[in-house]
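Just the one chain here, laid out as structure tokens, in the form predicted alone.
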Amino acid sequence: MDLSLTTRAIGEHTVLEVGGEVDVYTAPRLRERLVELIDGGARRIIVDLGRVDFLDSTGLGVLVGALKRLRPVNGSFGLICDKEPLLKIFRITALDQVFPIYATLEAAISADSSGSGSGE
């Protein structure tokens, strides 16, 4: 399956909606888009994984890389995910302790705006 990437702005937040499979073949496209957003000045990024069917370690590495790029510029980075198979990957890798993960876009924006960033 292919990868779809759609970006939209909601207030100060940049929402990147990801769909399809994020794997060794498609992860470079995700990395490029995230780097473009950050280099273009986006500082509050929310990645919506709601339409992602598969995520491998390469994809996880891309997400970690984006978080690392945002830290020096005091940016925020959150994930939207309510799919149990993907949430299990984040738990197994302990990345649920690294990323704030929310069930909805509204929860992500609300938490980031209030500065809590602690996830759902």
Partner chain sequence: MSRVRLSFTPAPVHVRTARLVGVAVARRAGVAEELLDEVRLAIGEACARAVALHRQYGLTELVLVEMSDGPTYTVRVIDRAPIEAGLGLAALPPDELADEALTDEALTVGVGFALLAGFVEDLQVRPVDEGVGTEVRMAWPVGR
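Numbering follows the first chain given and starts at 1. Being a predicted model, the structure only gives us computed values, none of them experimental.
The form predicted in complex with the partner chain is left out here; the points below concern that form.
Residue 55 belongs to the set of residues with a heavy atom inside 4.5 Å of the partner chain in the model of the complex.
In the model of the complex, none of the heavy atoms of residue 41 sits within 4.5 Å of a heavy atom of the partner chain. Although the partner is absent from this view, residue 10 stays clear of the partner chain in the model of the complex, with no non-hydrogen atom inside 4.5 angstroms. In the model of the complex, at least one heavy atom of residue 64 sits within 4.5 Å of the partner chain. Each of 68, 89 and 92 places at least one heavy atom within 4.5 Å of the partner chain in the model of the complex. Along 17-39, residues 21, 23, 24, 25, 31 each place a heavy atom within 4.5 Å of the partner chain in the model of the complex.
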